[in-house]
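Next up: a single chain in structure tokens, the form predicted alone.
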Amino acid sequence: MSRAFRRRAIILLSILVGGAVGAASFTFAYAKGTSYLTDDPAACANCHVMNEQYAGWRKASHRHVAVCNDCHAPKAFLGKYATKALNGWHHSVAFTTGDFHEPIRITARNREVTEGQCRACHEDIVQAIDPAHGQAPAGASTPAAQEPISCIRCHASVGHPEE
């Protein structure tokens, strides 16, 4: 490899890396990236497709005791920020490509997180109602009875009531 070729390759690589870092920095600043590190519910409404959910939360019974992360992210530090990072990545790809359902829908993974958070905050009452911890009751005879008990299925509008 000639010295001139190596020099051009380094310059080209520097331009590409610099461009990528610049674009990423601009996107992070434009999207108010640091706000996603907080528990401020307004950060979720940075994205316009979350405005309906944010407005719903402001009218919800849980508004005075829980913010978005309390219901949609695990309590543990690593789990919380891993979930936020994963969701942030998926949201940025979806919104950049325009490939998302409107109104947005909760994913299966996030439904599990939310279900777990319901159960953690309301542990005493859940133990009394569902001693099998979300498992289908043993000996259930009908398909509906064989489904696991889910907080979200019956209380879907608790966090985000509809108008």
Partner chain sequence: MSSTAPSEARSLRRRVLALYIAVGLVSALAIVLVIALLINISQRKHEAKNPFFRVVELTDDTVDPEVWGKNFPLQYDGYKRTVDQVRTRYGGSEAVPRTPTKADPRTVVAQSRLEEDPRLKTMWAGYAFAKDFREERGHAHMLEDQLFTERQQVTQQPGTCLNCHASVYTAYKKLGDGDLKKGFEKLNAMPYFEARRNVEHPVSCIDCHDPATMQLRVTRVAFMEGMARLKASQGIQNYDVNRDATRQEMRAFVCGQCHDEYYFQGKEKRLTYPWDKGLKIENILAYYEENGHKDWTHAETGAPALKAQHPEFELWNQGIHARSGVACADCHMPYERVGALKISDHHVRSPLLNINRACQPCHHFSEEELRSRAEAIQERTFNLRNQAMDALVGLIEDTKAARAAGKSEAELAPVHALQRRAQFMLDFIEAENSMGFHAPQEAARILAESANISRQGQILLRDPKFQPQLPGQPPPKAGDASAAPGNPASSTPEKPASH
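This is a predicted model, so every value here is computed, not measured. Basically, rigid core = biggest C-alpha set you can superpose within 1.5 Å across the two forms. Positions refer to the first chain, counted from 1.
Not on display, but discussed next: the form predicted together with its partner chain.
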Quiz prompt | Contact test in the predicted bound form: C118 vs its partner chain, heavy atoms, 4.5 Å | solution = no
Exercise. Tell me, yes or no, whether H101 is in contact with its partner chain in the predicted bound form, where a contact means a heavy atom of each within 4.5 Å.
Key: yes
Exercise. Find out whether any non-hydrogen atom of F95 is located within 4.5 angstroms of its partner chain in the predicted bound form, and reply yes or no.
Key: yes
Self-check item: its partner chain contact in the predicted bound form: G19, any heavy atom under 4.5 Å
Solution: yes
Quiz item: Of Q127, S61, T27, T38, which residue is found within 4.5 angstroms of its partner chain in the predicted bound form when only non-hydrogen atoms are counted?
Solution: T27
Quiz prompt | Single option in V67, V49, C44, V113 placed near its partner chain in the predicted bound form, where near means a heavy atom within 4.5 Å | solution = V49
Exercise. Please say whether, between this form and the one not shown, the C-alpha of A20 moves by 2 Å or more once the core is aligned.
Key: yes
